[in-house]
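Here we start with a single chain on its own, the form predicted alone, put down as structure tokens.
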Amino acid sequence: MKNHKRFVVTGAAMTALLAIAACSGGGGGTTPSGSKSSAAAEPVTINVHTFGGGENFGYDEAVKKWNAEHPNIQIKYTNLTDRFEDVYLPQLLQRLQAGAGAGDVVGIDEGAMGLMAARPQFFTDLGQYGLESRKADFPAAKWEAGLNADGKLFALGTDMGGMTMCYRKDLFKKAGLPTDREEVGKLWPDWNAFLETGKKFEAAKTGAKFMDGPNTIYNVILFQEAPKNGNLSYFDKNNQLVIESNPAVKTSFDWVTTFSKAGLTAKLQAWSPAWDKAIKGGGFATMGCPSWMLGVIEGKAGPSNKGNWDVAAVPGGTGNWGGSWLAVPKQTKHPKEAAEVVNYLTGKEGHIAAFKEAGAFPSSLPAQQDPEVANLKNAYFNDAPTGKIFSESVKNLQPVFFGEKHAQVKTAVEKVIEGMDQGAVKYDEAWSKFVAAGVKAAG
């Protein structure tokens, strides 16, 4: 999901996160009961903890259905925060290390999967409950990311991001630009064309800016460029930092620098109150949109903006940003029942329910192929055929490697990008400070 989530980590939170991540101690494990959940001696409650903005993981309806059909295993679903990197992740690491306090099932964002996979002592081997039989349900990259350092299955995939461009129809009309999603997509076959469209929008003086800020577009471009450069972002597959040598990173940095210099951004920090307000109030006209971002926009923009937002193709035509997994911490007292819940929520039915509720595009291949997904339209976004649009955007998707400290590096370098866009970092000094921040975060 949804990924989604805040980009800035405070100094204290980062210190705690890094210190805990460096630990090798195990969590407080339990022994699987081996009892059949359908005949459990006593009803049990499985706490599912996730993160994300808007409609979060989109499990409300799926949980209601499960609870109605499984009186002896009740799911308590809690979305803890919309801030993954500086709130959810440090808390989860602390609770895993302490051996208490984590959910029976926990959501993990793609940026922390390398970190978690390197710590098998914290998670239940889902293979012992038969979940390795699910391999054919997922793209290879999604499945393999759920294998830990010992080669055991510790997590199953929820959504995958895909990529589109969300835009405000009302602001495009005000600027004299096309408003039909097919025509809008034709405005920007590539990022050069996107830049020129932005200049035309700014020249119309609508009172809004063309883009929200640098970080959303930076992530869109980074994960388009990474497959062209060995499927790498900040680390190579030996977990060596390649932030300065990987062309994918520099290309993405250069593009957001260009957009910033051209005055196209509203200089907003993603996930900030000002960003939320601008989504609702029409402060900017475009934003890179993986599938989960549609739920974020709907939640923040509110009912009064239904029909103002729409969805078009992204420059370059494809891409991915975000996607999450569900895992079962070893500290749970109900590993078998928790594994059953993971199996349900990551199965075809759970994926379809999440896509309907939150726009979280399924990583489940059977769900992707189901007419309920393929034919789904999003009423909030002018009945945009989101099933078709996101299916096309992930058709040729390639996996991107995430190093163990991807989340820490991501947070650090994006603070520099934000500072550059807001004027706190000089343009001619930004790249060196970007690299230095990444090196420091990688430790």
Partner chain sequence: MTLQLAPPRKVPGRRTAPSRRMARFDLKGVPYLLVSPYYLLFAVFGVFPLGYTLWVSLHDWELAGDTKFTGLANYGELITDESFWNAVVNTLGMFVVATVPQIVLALLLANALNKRLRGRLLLRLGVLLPLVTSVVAVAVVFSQLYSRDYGLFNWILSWFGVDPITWQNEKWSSWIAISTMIDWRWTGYNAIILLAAMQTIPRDLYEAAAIDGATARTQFWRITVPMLRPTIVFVVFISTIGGLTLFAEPVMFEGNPMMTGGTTGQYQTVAMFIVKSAFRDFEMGYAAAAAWLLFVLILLGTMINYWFTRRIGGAK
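Residue numbers count along the first chain shown, from 1. None of these values were measured; they are calculated from a predicted model.
The discussion below concerns the form predicted in complex with its partner chain, not included here.
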{"property": "is_contact(Q240, its partner chain) in the model of the complex, heavy atom dist at most 4.5 Å", "result": "no"}
{"property": "Partner proximity in the model of the complex: L195 to its partner chain, non-hydrogen atom cutoff 4.5 Å", "result": "no"}
{"property": "Its partner chain contact in the model of the complex: D236, any heavy atom under 4.5 Å", "result": "no"}
{"property": "Partner contact for Q269 in the model of the complex: its partner chain, 4.5 angstroms, heavy atom", "result": "yes"}
{"property": "Residues K135, G151 and T332 all lining its partner chain in the model of the complex, heavy atom within 4.5 Å", "result": "no"}
{"property": "Single option in S245, Q94, Q128, T78 placed near its partner chain in the model of the complex, where near means a heavy atom within 4.5 Å", "result": "Q94"}
{"property": "Partner-contacting position among V87, A313, A175, A208 - heavy atom within 4.5 Å of its partner chain in the model of the complex", "result": "V87"}
{"property": "Partner-proximal stretch of 111-119, 165-173, 359-367, 251-259 relative to its partner chain in the model of the complex, 4.5 angstroms, heavy atom", "result": "111-119"}
{"property": "Contacts with its partner chain in the model of the complex, stretch 183-200 (heavy atom within 4.5 Å)", "result": "none"}
